[in-house]
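Here you get one chain, nothing else, as structure tokens; it is the form predicted alone.
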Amino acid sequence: MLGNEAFAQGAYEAGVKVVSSYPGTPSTEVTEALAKRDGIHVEWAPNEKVGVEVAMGASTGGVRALSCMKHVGLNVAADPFFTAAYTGVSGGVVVLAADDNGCHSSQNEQDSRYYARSAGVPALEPADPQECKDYIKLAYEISEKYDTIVLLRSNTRLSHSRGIVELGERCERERIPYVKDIQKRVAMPAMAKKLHVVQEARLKQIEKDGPAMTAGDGALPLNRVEMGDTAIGIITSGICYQYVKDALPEASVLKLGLINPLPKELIRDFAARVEKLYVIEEGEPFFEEQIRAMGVAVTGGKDMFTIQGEYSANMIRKAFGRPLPESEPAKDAPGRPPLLCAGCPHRGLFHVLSKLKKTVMGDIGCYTLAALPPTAAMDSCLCMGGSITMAHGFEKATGSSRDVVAVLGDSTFFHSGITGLVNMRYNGSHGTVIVLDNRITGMTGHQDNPSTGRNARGEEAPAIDIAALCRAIGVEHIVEIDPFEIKDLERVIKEETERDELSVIITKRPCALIAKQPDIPYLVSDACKNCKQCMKIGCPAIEEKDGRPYIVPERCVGCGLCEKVCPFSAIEIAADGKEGR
């Protein structure tokens, strides 16, 4: 099973009834796998904050609930997450956060363990797909036994690696009857002060009980010592445990599965049994700083290893002066920079924005790739929904909205763009917001969202009308347009950015990967003047050959955008049997 599929299997076996998540690589497949199961309500929430709140509501209603997200999603969910650490649960609640060491698909690297420590909640970190399944089941037992939410930490390699997983049966659980308890659930100051005391005592009890906690049929301790050569002792967790066992199989290892709170006495005992103690952990020195603060001598930690990126067995071998395994020398390979897909509906918009030399406040989505040449048509990318609020701030700083636009996708708009648009309207912005409605959440693998008319299971659902929502906010100037209608789009952008009033442009064209393209190959005819205007749209189907534009027939999907941007009508539909050129 994929690690994420194993998480889903464990949640299913644990009797989870409600799942509310926002798609975010590398966590997305957990919710997708659960959406295929019967007996569970599974939904895509507009954002991660909503997801955790729904999970807490389901818990209050007496059932086990799950909310999944990537590391930056935990930032969005932090508000309910921290207070839920005070109020506790009825039915068990697990928040699964997947970190992205190495920024494979994220705008930053972030260590979610600090959220567990700061909020004061227990956190678990598995090391392989079998543990993914076992740990999430244990997380629900911990949640209900200690009356707390539990953070389950994953990362890209764990979520997207495969391993053998032993399956079990689903345990259907009786719903816990709701009992009104304002002292527990209403986090007013008077109650919160008392709840904080309870939360602190709870965490101390978990630390005390931690060494006895086990997971899975093998009944292995969450925190376990594997003694080997006492010359080297290593404290590690998660995927780094696999790297350590591969690189230093003879070393003594303390594998941590319960990563917050730390087992202080176990750590002291292990440190006393080895000559030199090392801490190997991806991300921040979360373990190392706490262990050093305990007065335990650490020979090597972040002074040997980086905070940035992912680790590997070879990195550890090199740090300890061990020989690297023999392998074939890497062959030279051409670079393969990420590109918008052939036929991508966003390409027309960014071609026009580049031509008009607008300052583009961008957002999180596959359209962020428009920041790269040849369009280079994006000036910023901060966070979900940040395009709208940054454009507003830019306008207030410069005194003009005519040279700046905000660009974001339909899913991002529902995630956290709406409040930014409300802010623009309320605080007198004259700016222009462009919503790229491609009818799907594209970057994370084509999940539905509130505008698509489908829910997480693919069933028919109400589709929220973006234009109508903008009107309800008070936006009077709204234009819906096909972004491949280049001339009309250029005219509309010029008109709307010249207004001294707030306006919204909605570009409507389905993602090229979900909508069947015409499948008509195009070619460059003899009328070509070699101006290379067609190459400025950055289509992967157009490349230079013998100094001239060439349309690769195997890549062309027949969207026709290149035909529309050619000033000499030199791009035409290829006749049957005619090769692309």
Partner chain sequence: MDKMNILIVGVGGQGTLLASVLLGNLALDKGYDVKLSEVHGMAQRGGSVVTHVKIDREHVNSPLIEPGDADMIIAFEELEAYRWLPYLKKGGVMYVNTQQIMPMPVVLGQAEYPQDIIARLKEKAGRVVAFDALAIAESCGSVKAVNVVLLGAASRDLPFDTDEWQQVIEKNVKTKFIDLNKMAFDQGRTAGGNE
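On a predicted model such as this, the values are computed, not experimentally measured, just so you know. Positions refer to the first chain, counted from 1.
From this point on, the text means the form predicted in complex with the partner chain, which you will not see here.
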**Item:** Answer range among 98-106, 273-281, 118-126, 383-391 for contact with the partner chain, defined in the predicted complex as heavy atoms within 4.5 Å
**Value:** 98-106
**Message:** Residue-level contact is defined here as any heavy atom of the residue lying within 4.5 Å of the partner chain in the predicted complex; does residue 336 satisfy this criterion?
**Reply:** yes
**Message:** Is it the case that residue 554, even though its partner is missing from this view, gets within 4.5 Å of the partner chain in the predicted complex, heavy atoms only?
**Reply:** yes
**Asked** So in the predicted complex, does residue 471 come within 4.5 Å of the partner chain, heavy atom to heavy atom?
**Response** no
**Message:** Since only the chain is shown here, I'm wondering whether residue 164 would be in contact with the partner chain in the predicted complex (any heavy atom pair within 4.5 Å).
**Reply:** yes
**Item:** Sole residue of 313, 266, 206, 418 within 4.5 Å of the partner chain in the predicted complex, by heavy atom
**Value:** 313
**Prompt:** Looking at 176, 478, 341, 319, which is the one with a non-hydrogen atom within 4.5 Å of the partner chain in the predicted complex?
**Reply:** 341
**Request:** Verify the flagged residues 157, 242 and 535 against the partner chain in the predicted complex: is each one within 4.5 Å by a non-hydrogen atom?
**Result:** yes
**Asked** Hey, which residues along 373-408 are within 4.5 angstroms of the partner chain in the predicted complex, non-hydrogen atoms only?
**Response** 373, 374
